[in-house]
Each structure stands twice: as C-alpha cells, then as structure tokens.
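Quick heads-up: it's one chain on its own, the form predicted alone, in structure tokens.
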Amino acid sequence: MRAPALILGGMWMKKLYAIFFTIIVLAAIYFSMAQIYPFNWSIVYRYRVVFLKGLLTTMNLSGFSLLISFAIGIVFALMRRSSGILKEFALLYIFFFRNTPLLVVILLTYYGLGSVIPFDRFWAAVFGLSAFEGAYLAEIIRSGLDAVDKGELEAGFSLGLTRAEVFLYIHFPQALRISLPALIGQSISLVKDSSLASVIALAELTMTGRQVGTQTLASFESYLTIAIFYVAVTSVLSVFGNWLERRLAIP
C-alpha cells in the first residue's frame, strides 16, 4: 500500500519542482525586461471590466462553437462511414475545411455568406469556427467509431438489440471513450483559434487587448494579460479533460 503512495508523492514533488523552476525563470526574465521596459500594470486594472467582457465573449463564442461543431462532427462522421453520395459529400466537406485556413473561413463566412444572409459578427464567428472545427471532430469521432471492437457490437446484436440501440448504448459511448483525449485537445485548440475572430472586429479577448494596447500604448501589458487569460481557460479544460479520462477509463 505504501509503494503507490510513495510513487504518487514523488510525482507531485517533481511537478512542484518544475513549477518552482518555471516561476524562477519567468521572474528572472520579467525583472530583466523591467530594466528596459517601464511596466505599468495599473492600466490593466483600470481596464479590467473591458478585459472581463472580452473574456466573456470569448467563452460564449467558444462554448457555442464547441456545441455546434460537435454536432457537425457526429453527423459527418456517420456520413463518412456510410456509402454513396453521403460519403462523398462528407469527404468533400472534410477535405475543404481541413485544407482551408481558419482565417479565410471566418472572412468567407462574414463577408461572403453574410452578404447573402445577414447576421452579426458573433454568429459569423460561431458559424465559421463550427464549420472549421467540425471537420476535425468528424475525423476524430469517425476514427473512434472504427476503433470499437466488433465483438462488442456482435454481443449487442446477440442480445436482441436493434441496430439503433447497439449504436446508442454500445458503439457511440465506446467511441467517445476512445476519442476523448483527441476531443479534449481539439476543444482546447478551438478556444485558442477563437482569437482569429478579431479579424472581423468582434470584441472578444484578443480584439479587446489590441484596443487597450493601442489606446494606452501599454501593448506588452495588454497582450500578456490576454495570454494569461487564455492559459487559464485552456488549463481548466485540460484539467477537466484529464479528470474525465480517469473517470471514464475502462477498468
């Protein structure tokens, strides 16, 4: 019983040493830069409400995009595993969005599609992000579905379950477990990719930091602040993903 505890304690000590070393290095870099750059963190505090509004917009943008892109991913993953015209359409969709820069997709959505179907900047960014990330999620989910052991599906059929019941109760849950690490990683990428919405002047976190930096000439403080916010949000997602992986791990 003591061996696992000692191993776990050793792992935590290594993490603490790594964190302590990182803090020392960052502090040394900061104080070195402070000799030549006059940091003024009072500006960040003065514009704290503006930064928080930008953070809230980024979280809303990422949340809506993640939900829609996950739905797109499921649909196109199933189409990808089908046959005929549905499979060909899914292949074309995935090929297009995986080989087109997200910046171009957002511009095409807002200035192209937006000239036909009027919608505001927020939803243009949501639709652009969802379409782009949905192509990646479709391939992740499709690979998870393909990786499920066929024996488990046959066992479900032998118990008298219908094809839909086998998919809902056996196939899809197992595929999600297998795909979870990649899904979490893609979710973190989506949060970071949301910064490109600033190209259409959406007042999300990156655009907010740019405006504050331009108005106050405190560019370094502004961009460092938004970097800290992004690290905080993605770190929470990463910790949640690690917890979820352990919780859903197959014993």
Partner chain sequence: MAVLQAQGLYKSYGQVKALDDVNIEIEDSELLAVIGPSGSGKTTLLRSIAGFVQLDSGKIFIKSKDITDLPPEKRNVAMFFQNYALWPHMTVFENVAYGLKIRRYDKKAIREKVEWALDFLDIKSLAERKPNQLSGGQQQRVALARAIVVQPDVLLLDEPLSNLDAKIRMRIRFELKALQKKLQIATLYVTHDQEEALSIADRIAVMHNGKVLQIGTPQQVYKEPVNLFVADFIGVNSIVRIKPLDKDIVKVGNLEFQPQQGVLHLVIRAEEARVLPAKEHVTLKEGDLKLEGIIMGKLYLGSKHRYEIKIHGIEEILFINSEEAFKINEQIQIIIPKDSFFVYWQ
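Residue numbers count along the first chain shown, from 1. Just so it is clear, the structure is predicted and the values come from calculations on it, not from any experiment.
There is also a form predicted together with the partner chain; it is not shown, and the following applies to it.
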Non-hydrogen atom contact Q174 with the partner chain in the predicted bound form at 4.5 angstroms: yes
4.5 Å heavy atom contact, I170 to the partner chain in the predicted bound form: yes
Contact test in the predicted bound form: E165 vs the partner chain, heavy atoms, 4.5 Å: yes
In the predicted bound form, S83 touching the partner chain (heavy atom, 4.5 Å): no
Residue (of E88, D120, E152, D146) lying close to the partner chain in the predicted bound form, criterion heavy atoms within 4.5 Å: E152
Which of 75 to 83, 153 to 161, 100 to 108, 127 to 135 lines the interface with the partner chain in the predicted bound form (heavy atom within 4.5 Å): 153 to 161
